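The chain below stands alone, shown as structure tokens; this is the form predicted on its own.
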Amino acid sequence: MDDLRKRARELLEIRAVNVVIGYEQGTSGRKRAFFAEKPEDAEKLVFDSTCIQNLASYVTKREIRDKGKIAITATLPVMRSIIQLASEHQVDDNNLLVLGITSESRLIEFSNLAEMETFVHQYQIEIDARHREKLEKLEKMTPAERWKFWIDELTPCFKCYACRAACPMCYCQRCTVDFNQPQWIPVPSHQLGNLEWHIMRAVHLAGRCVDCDACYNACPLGIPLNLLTKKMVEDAKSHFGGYQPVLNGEHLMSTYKPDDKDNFIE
């Protein structure tokens, strides 16, 4: 994408930013994250439909933030992630410049996060037809059948935590699963430990997940753990009228309205 490479080079030449986060050609035909720090590095930047990694997971990393102002190549899911992170006081206009990529692969540079928020809110989070079909199939199962489905799917998990590393909303310096005094989540990869880990993670993402599928794409075993978060997105839509990340610091699980439905608790 020539426009992206040209703009990245310009920003680095005038030192408007210290690093541009984007994609480069990786191994086995896959794209991977790339950090351009010199003007000539911009020539390595690429972008196409196979650039699916959520780059927003890097903007909260200390080693990246320490470099100074960041520019980031942002698809719609990445933009949503940045808005959510900003609402949680993890990023702001002072340390981040967004180089947005539209669905038509057009480069659009936002002068501030509020401008990006206005752009993003033109598009609702929608579960694609393929995954909606899977969710509907799960809904039609009996509780026993659904339990067996998740036991079978989660049993192979060996807790590599690739899903956590890939998710931009999992930015805690030390996760609950890393504590052993007290130990909240069992360390071994057994049935109970796996269930507790994935359920806990899904609940922590309720009202925060942007449906980018980064967790599923990162899983080396292809476990459909994104179905858990997609179910949360669907429930947010049916019970609370949907979800869009906003900059004002409020999100689904941090606000309460007197007319909120509570039948989902039953």
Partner chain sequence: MIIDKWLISKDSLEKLFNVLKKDSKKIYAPVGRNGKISFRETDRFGEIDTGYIQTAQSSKEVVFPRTEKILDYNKNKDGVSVKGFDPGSIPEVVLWGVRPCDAMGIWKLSAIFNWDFKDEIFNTRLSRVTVVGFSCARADEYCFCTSAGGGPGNTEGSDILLTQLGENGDYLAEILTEKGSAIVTIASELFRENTVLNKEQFLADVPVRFDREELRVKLEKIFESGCWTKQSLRCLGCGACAYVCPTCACFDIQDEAHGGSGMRVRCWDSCGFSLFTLHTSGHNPREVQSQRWRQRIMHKFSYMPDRLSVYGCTGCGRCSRACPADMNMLEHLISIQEAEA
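Numbering follows the first chain given and starts at 1. None of these values were measured; they are calculated from a predicted model.
Keep in mind the form predicted together with its partner chain is missing from the figure; the text below concerns it.
Enquirer: Residues in which of 115-123, 80-88, 95-103, 181-189 have heavy atoms within 4.5 Å of its partner chain in the model of the complex?
Expert: Going through the listed ranges, the match is 181-189.
Enquirer: Is residue 60 one of the residues lying within 4.5 Å of its partner chain in the model of the complex, judged by heavy atom distances?
Expert: Result no; residue 60 lies far from its partner chain in the model of the complex.
Enquirer: Should residue 224 be classed as touching its partner chain in the model of the complex when contacts are defined as heavy atoms within 4.5 Å?
Expert: Output for residue 224 is yes: heavy atoms within 4.5 Å of its partner chain.
Enquirer: Is there a heavy atom of residue 37 no more than 4.5 Å from a heavy atom of its partner chain in the model of the complex?
Expert: Taking the distances in the model of the complex, the answer for residue 37 is yes, it comes within 4.5 Å of its partner chain.
Enquirer: I'd like to know if residue 49 sits close to its partner chain in the model of the complex, meaning any non-hydrogen atom pair within 4.5 angstroms.
Expert: No, no contact at 4.5 Å.
Enquirer: Out of 157, 76, 71, 107, which one falls within 4.5 Å of its partner chain in the model of the complex, going by heavy atoms?
Expert: Exactly one listed residue reaches within 4.5 Å, namely 157.
Enquirer: For 16-31: residues with a non-hydrogen atom within 4.5 angstroms of its partner chain in the model of the complex?
Expert: 24, 26, 27, 28, 30, in sequence order.
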